[in-house]
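Before any questions on binding or motion, here is one chain by itself as structure tokens, the form predicted alone.
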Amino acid sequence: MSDQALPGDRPDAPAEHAELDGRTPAQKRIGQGSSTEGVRGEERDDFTAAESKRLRGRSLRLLGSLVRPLRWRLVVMALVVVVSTACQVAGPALIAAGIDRALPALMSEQDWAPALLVVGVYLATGVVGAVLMAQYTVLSARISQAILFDLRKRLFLHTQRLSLEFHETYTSGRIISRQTSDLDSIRELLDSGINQLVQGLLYMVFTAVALVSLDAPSGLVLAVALVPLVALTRWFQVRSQRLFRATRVTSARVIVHFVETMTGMRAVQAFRKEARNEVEYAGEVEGNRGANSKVFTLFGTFDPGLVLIGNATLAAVVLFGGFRVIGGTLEIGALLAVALYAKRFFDPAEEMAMFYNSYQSASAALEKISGVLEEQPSVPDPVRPVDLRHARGAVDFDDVEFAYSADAVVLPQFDLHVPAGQTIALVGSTGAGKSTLAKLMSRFYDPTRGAVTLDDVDLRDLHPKDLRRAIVMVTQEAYLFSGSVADNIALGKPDATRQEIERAARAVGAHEFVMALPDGYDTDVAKRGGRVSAGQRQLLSFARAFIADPAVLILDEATASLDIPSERMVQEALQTLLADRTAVIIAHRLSTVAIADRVLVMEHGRVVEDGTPADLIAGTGRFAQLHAAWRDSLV
């Protein structure tokens, strides 16, 4: 395990934006608030007006970048929906023309032409409206899928590029929530919500225009009805924004708790945590239920309010129009058309209420996703990278200081020179800074001050491909991906041949157990290597490192999960694995340290002893005491 507490283990350990202000990421981490801290802070629902404005602006910028490549498709779709909506709205006006114009002509003059014209136009508008609406549905679906594809790909690729610090701070459950429930909310908005909004708004505008064109006085009645309609909609909008954000937060918490429980099932069952998990999970689910209950209550007020305003407006239009029909100032067909328009005017309002459902949920989700996409790697790629295709492996720490936060300095003024080809072992108590040293050497973090160099090239200036080619770390957690054994070994060299893969497995002593598997090197290891033991996974990770052939190999407690026979086998394999390369071994088992050329004993981020294993064992220092205790434990 890691010897230094990770940032994710502490609530006060933030990540940061990589800003070009001359400071290292670690300095910025100490000097100011962080972006990850901001993202984690967004897992709440009590934002100030300024914060809400900032989040909306960020979301709109993201949405604009997604829509911009599709602008011409949107123009075509807009033309289609405008024409199709106009065809749908034309119906009541044609009915009025038929009653007030065509029927009198037919009855008095036996003139069928007006009636046939009205019927023909009515049927034509119906057919054109239906065809264009079908086309609009197809166009909108293609656009929504294009946006979702772009957003999903961006989120995945960007999350991969973020530094280790982000992933140790931002829990995996929240990342999964961004890729699942949040994207589903946006999909629902794009698939149906946008259609409801666009069609609803156009339908209401065209309906109002048609109503005023038929009878301007009735338009005044509709205008008066807009006052309570706007007030009710605004009331709903203000409250729903906060409530829907709360549903996204509570939903993410439920997912986080579920993922952590499933991932740590061994620990849950080993420590009988089921009962506590039941209470904790029930609390998270109850919080999510309560948040959704408040949303339903809000809709329980908004929907009846819309119906009430619509019915009252219809009654007022019919009553006002009826008196005018009696007075001879309004024709009966026009009254019928005006009544139909007044009724239809409020129908989209109810549908748009459902749009608010999708919109608020998607808006909150977009805020979360835009927060992740706004994150910048705390270990940024160099602007002008230096190539180092064939590294010798000399590593230097030059006046290095590192701190996870202002009050947690791990390495104070650290200097170290590791010549190319030398194998050093780092020994010390937990928290001494050994794993932090390895993370700096692998450039998972950058130092607060000073520089870590490879062959006199600052790691911050080294080309990322050359860095990953030259330095490889093998940790205690030997992660295997779904796929075959051969695929997992070849991760260190994707173009490796089967002969190279087998040679690497033989070199670390993994060939025998691999051949004992059902399909040998073609055996699917299953998710996370579930078909092989912990020791076998570690052997495969050694084979992966061997085939990568790095100039610098770091073993961070890499033999901790091996049993004694496997460890002895690996000890022999390490002689081959570490030959002709620089190696850094972090181990509590002193049997692993014995193969090192040099041992560094660390305490509180400083080297307190430095020498060969034999010299230190012969002395009276800390390593001699550790070795004596270890030897006594074997007796």
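Residue numbers here begin at 1 and follow the sequence given. Computed from a prediction, not measured in an experiment: that's the story for all the values here.
One more form of this protein should be noted, the form predicted together with a small molecule, which is absent from this view; the next part is about it.
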item: Partner contact for Gly431 in the model of the complex: the small molecule, 4.5 angstroms, heavy atom; value: yes
item: Contact of His511 with the small molecule in the model of the complex (heavy atom, 4.5 Å); value: no
item: Leu539 within 4.5 Å of the small molecule in the model of the complex, heavy atoms; value: no
item: Any non-hydrogen atom of Arg581 within 4.5 angstroms of the small molecule in the model of the complex; value: no
item: Within 4.5 Å of the small molecule in the model of the complex, all of Tyr404, Lys439 and His588 (non-hydrogen atom); value: yes
item: Contacting member of Glu284, Glu557, Asp458, Glu331, with respect to the small molecule in the model of the complex [4.5 Å, heavy atom]; value: Glu557
item: In the model of the complex, the residue from Ser361, Asn488, Ser435, Ser218 that sits within 4.5 Å of the small molecule by heavy atoms; value: Ser435
item: The small molecule in the model of the complex: contacting segment from 422 to 430, 93 to 101, 75 to 83, 379 to 387, heavy atom within 4.5 Å; value: 422 to 430
